[in-house]
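One chain follows as structure tokens, the form predicted on its own.
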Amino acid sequence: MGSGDAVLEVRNLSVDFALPTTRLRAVDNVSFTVYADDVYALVGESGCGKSTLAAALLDLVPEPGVIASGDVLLRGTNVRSMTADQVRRARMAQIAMVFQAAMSSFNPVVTIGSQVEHVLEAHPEVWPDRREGLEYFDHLLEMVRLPGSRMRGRFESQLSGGMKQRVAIAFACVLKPSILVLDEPTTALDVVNQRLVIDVLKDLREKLGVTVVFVTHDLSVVAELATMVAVMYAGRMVQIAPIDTIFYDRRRHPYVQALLSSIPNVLQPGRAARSIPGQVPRLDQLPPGCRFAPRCPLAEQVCLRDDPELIGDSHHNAVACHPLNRHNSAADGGQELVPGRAVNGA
């Protein structure tokens, strides 16, 4: 569980996609806070809005998407109040992103070194001496288990998938950002390279002090790497909690419990993994009330009618679930619940 300064605050953020005949909300009123020593995981099924949320942190939502409302604060400075040039300078220098398609993140006709030089040329405020910047990039390559300066002369076609992913991570760190956002960093990699990427991210956190925010649907990666977990469903947060709470506490959102039940368990060979019935709703066919209610075994009439609030307890576990929050309130003797740190930084 994080402590120290808040490096990233997301407040009531909503992202819309404007289509010819309608406007769809892919991220709906999301709030969370990331602290300096957090490794923050954004989790959910495909289509829940986590990649769109990650892109919005850098104001990189692709058209026809727009940030409809809310704020993104980098160490207290609102990205949405910055000029276009200020946002450009903040990217990679304050917050950097490794996109999901690392295999196609590089120009195939330009060497890796030349692409790094273009970045250094665009940001002289970070590296006035371009040669020093290249030497730092070589150091980063060695940190991600690659042969330093020898990689600079290569083209992306000469790299394996795992090597491209690690070069992309080194590339993202060359301007010394304090926050590194990764979209599905282990997707499409074999088990050996997945392990390598996880170890690399741990090293970067420890040696560079970078705060990691990553998007994934792989709960095994979450268990290995994350300290805080934010679970999304159909554009909304349904639970924000420390990693131990997500995996071991009884007070879990039914969707989180369903995700955990879908994982095969080698310690329980007789227990079959259970799929979640139904599908994530389409953005143009969202149900009223709790969006998970049509698939939820705990659903009540109030769930089908009213949106649940994301309510936290004294253990910084915030859950958006009518039955769970009512039970938790009764267990506390009817006392007012303490808002979760993950929601408002308390």
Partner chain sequence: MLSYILRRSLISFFVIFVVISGSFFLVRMMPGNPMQVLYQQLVQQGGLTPQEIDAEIKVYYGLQPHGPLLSQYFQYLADVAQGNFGRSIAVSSATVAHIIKQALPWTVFLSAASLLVTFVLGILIGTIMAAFRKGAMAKVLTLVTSFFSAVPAYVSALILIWQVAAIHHFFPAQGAYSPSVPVGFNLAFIGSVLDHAVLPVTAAVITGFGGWALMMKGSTTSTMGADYIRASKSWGLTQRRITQTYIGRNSMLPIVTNLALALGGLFGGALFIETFFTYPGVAYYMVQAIDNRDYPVMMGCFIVVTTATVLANFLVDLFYPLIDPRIARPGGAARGAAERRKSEAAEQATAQPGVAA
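Being a predicted model, the structure only gives us computed values, none of them experimental. Positions refer to the first chain, counted from 1.
Just so it is clear, the following notes concern the form predicted together with the partner chain, a form of the same protein that is not shown.
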Stretch in contact, per heavy atom within 4.5 angstroms of the partner chain in the predicted complex, of 207 to 215, 142 to 150, 229 to 237, 73 to 81: 142 to 150
Taking the partner chain as it sits in the predicted complex, is P108 in contact with it (heavy atom to heavy atom, 4.5 Å or less)? yes
Is there any non-hydrogen atom of L259 lying within 4.5 Å of the partner chain in the predicted complex? no
Is E63 close to the partner chain in the predicted complex, meaning a heavy atom pair under 4.5 Å apart or at it? yes
Applying a 4.5 Å heavy atom distance criterion, does K176 contact the partner chain in the predicted complex? no
Have a look at V221, L189, I169, V119 for me and say which one sits with a heavy atom within 4.5 Å of the partner chain in the predicted complex. V119
Suppose contact means a heavy atom within 4.5 Å; in the predicted complex, does that hold for all of S14, Y35 and L57 with the partner chain? no
